[in-house]
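Presented below, as structure tokens, is a lone chain in the form predicted alone.
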């Protein structure tokens, strides 16, 4: 069956799930919240799900996702929750707050939301929406890119849970907020639609760690949307660690709007899932703002990891820095497509982008496409990409000093990754990331 037919079948299945959801509303079908959901579902039906014929999906075949037949997730059983030890996922990282979700459901008894400074609001999304229904938009304003819009619409139609974080003007959170999304390995393939909303108001600053992990190996589909607003003079630090089951599917869209003298930085570390699509869309809404996108992905075996980023310089005198690195092993495939857009009036833009990739096996493949779209003339913009294998001279140097070949390869791979790990501000988190990457490289070597 071709991809177009699979796309239609999957869309019909989502529509069937939505109709079943409507039947359970008990008279609330006319609420603003549900009207928003209906609008999103209708727009998705009009747009359709992507296929290989879409330019932005030409390297990523969604058939393995669309043919699986996912069902909406249910609340995990109590016996599953009793074995969860949240500290094992970030053992040495001190958190200001922790929100825990299992199979897409907020688990209050595993979460910690006390002791927050005045002016900081952190809650589950369902609690926040109960007070402010308009928090969830159908799709973020100004985003028309269908490559990210389609699954955002799917999320908007079904999202019921997630996280809401708001730092009031001048509020500074010293420790990060930890959002932990766990999958239980339920016997039926299930789908989760987390929605995360982050607001950093004027002069505020906080860090969010968005982490995905698995309690057991199993098939599931995570479809996440993150909306971030960074007001004047605010600073938002966003770290994402994706280490789900090797049988899982993960598609995410992250949006950031950055105002005057504000900064947004996003650090992505991808290890898990069978198929990954990571979308990031950042836009400057005022002058003298800054955005940094860093990413490291380490696929192995037959994993497929696809990364699409857009940084929109819609205002003058803004700076952006982007570096994505891939370390690929086995028969894995990596994709990077990064676009920097400099609008006509965005003079004195400084934008730098690079994609560097290391292939550890003969069968690993990477496709990289850095792009600049420049409509202004007074700018400094650079972009580039590299794809290579292990440096023979460096290997020889280490071997000549008595280091075994396998250990030498690991040392060079770890050094390649360390540039991105070192950019994470939290020391305990850096140490944890170093350990995870070392374990991944060692296990990949043994499997190979």
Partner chain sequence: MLEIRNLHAGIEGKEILKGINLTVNPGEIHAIMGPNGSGKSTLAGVLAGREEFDITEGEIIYQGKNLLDFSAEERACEGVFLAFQYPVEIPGVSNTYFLKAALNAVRKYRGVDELDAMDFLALIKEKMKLVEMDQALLNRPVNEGFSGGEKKRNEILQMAVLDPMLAILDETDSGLDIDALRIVANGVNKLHTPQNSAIVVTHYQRLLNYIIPDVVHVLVNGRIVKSGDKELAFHLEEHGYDWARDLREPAAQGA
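Residue numbers count along the first chain shown, from 1. Model, not experiment: these values are computed from the prediction.
The protein also exists as the form predicted together with its partner chain; that form is not presented, and the subsequent description refers to it.
For the marked spot (396, 399 and 411), a heavy atom within 4.5 Å of its partner chain in the predicted complex is present in each of the three residues. Contact annotation: residue 405 falls within 4.5 Å of its partner chain in the predicted complex, judged by heavy atom distances. Contact check for residue 415: a non-hydrogen atom falls within 4.5 Å of its partner chain in the predicted complex.
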